[in-house]
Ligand code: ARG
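Given as structure tokens, the chain that follows is alone and in the form predicted on its own.
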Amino acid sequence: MTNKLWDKGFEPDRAIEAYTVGRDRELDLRLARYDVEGSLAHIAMLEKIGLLTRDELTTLTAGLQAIAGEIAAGRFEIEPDTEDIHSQVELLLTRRLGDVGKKIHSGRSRNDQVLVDLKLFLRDELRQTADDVQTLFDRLQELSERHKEVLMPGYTHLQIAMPSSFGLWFGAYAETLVDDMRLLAAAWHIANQNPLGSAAGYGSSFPLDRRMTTQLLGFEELHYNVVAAQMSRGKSERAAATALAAVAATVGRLAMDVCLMMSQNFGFVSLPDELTTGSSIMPHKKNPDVFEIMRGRCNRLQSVPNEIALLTANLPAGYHRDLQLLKEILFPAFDELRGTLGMCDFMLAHLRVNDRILDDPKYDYLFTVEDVNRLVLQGVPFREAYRRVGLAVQHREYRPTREVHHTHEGSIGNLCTEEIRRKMERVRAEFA
């Protein structure tokens, strides 16, 4: 006999069950603690509105807390004949406490139960991802300040353009992460709304106190309209995936830069031998495999929002079983991005910067704009200054002054590191 919340006294075909349950038992283990949290808030509310006695609440609370302890200790499992986490928790309570365990489901559906679990899960995962982004941001800012005096070539169209610096380069990725953090915060706010009480998506005839469960679960707001609450399934995941993809785009672009800059044709940065890999036939090779894999993982992560969009496209209002597959897409994405952020931080901590890049005369033309501007500051009209330097380049008579005087906000000589840090702090404060 299977253990299902919807059991009506007959067994489904085993092939149907295997196909529809899929990986739910495995993935639902990540929701276990949140399912217990949601149930604790729900039964407290049921007691307040008279659907549980005080003694029943005490008994159920103790039973749920015992299960929470088993989850925290890693002793909890979803039994093979049990469909999902919700069924397993209710089964354990009924087994251990008798009929009172069956009362826990009053006033809710698996639809709003899984919504609560997912909202709590997303809220935590987004906050933890924000912590990892902050760690990488701090590393980039530290490297920016440490190497702010080290000049490097700047490129447009992959052609030598103007002077840049490692301070500017590291700092650029730090500030870009601030924008990504804004998307994480936006996704966190979308997830941080309470759907409990929406039941199957159309509310309940019980006098549920939804504001009470909102407060108990620490949500910042209610999903008021019960249909809208149900429709947030898929929307919350898509918002989270969009934020993850934004972070991945930034880290992937950084990884690509490092791969280019490590090549002998550039020679801007290097890594210790033990952080590179070799070739089976070329004994001189020191390959940036970590950054190449990082680039690939980040590119793959950028497909996640599209995969979710396609899965949820054109679904009408109400619950649909398709939504179950969202877990298979999004849960691994969090793991992959957070692992990548940690590895990026580790690798950057060991990155070595070449501080003599511009000694090579092939970079002389980097300074043409500097010399045009120097003439303008001496009173020469810009077009005339441009013509003079251009003729010198054309006739191979150009000799750079190799002087860089940038003072405006965000330039080589004024990185605005503290201002960028304050931007990040304002965004992080939204996760309070």
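Residue indices: 1-based, along the sequence shown. Just so it is clear, the structure is predicted and the values come from calculations on it, not from any experiment.
Same protein, other form: the form predicted in complex with this ligand, not shown, and the subject of what follows.
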In the model of the complex, which of 122 to 130, 313 to 321, 160 to 168, 71 to 79 comes within 4.5 Å of this ligand (heavy atoms)?
313 to 321
Is there a non-hydrogen atom of residue 176 within 4.5 angstroms of a non-hydrogen atom of this ligand in the model of the complex?
no
Residue 90 versus this ligand, in the model of the complex: is there a non-hydrogen atom within 4.5 Å?
no
Residue-level question: is residue 110 within 4.5 Å of this ligand in the model of the complex, judged on heavy atoms?
yes
Contact flag, residue 114 vs this ligand in the model of the complex, heavy atom cut 4.5 Å
yes
So which of 295, 223, 233, 238 reaches within 4.5 angstroms of this ligand in the model of the complex, heavy atom to heavy atom?
233
Could you list which residues of 84 to 100 come within 4.5 Å of this ligand in the model of the complex, counting heavy atoms only?
84, 86
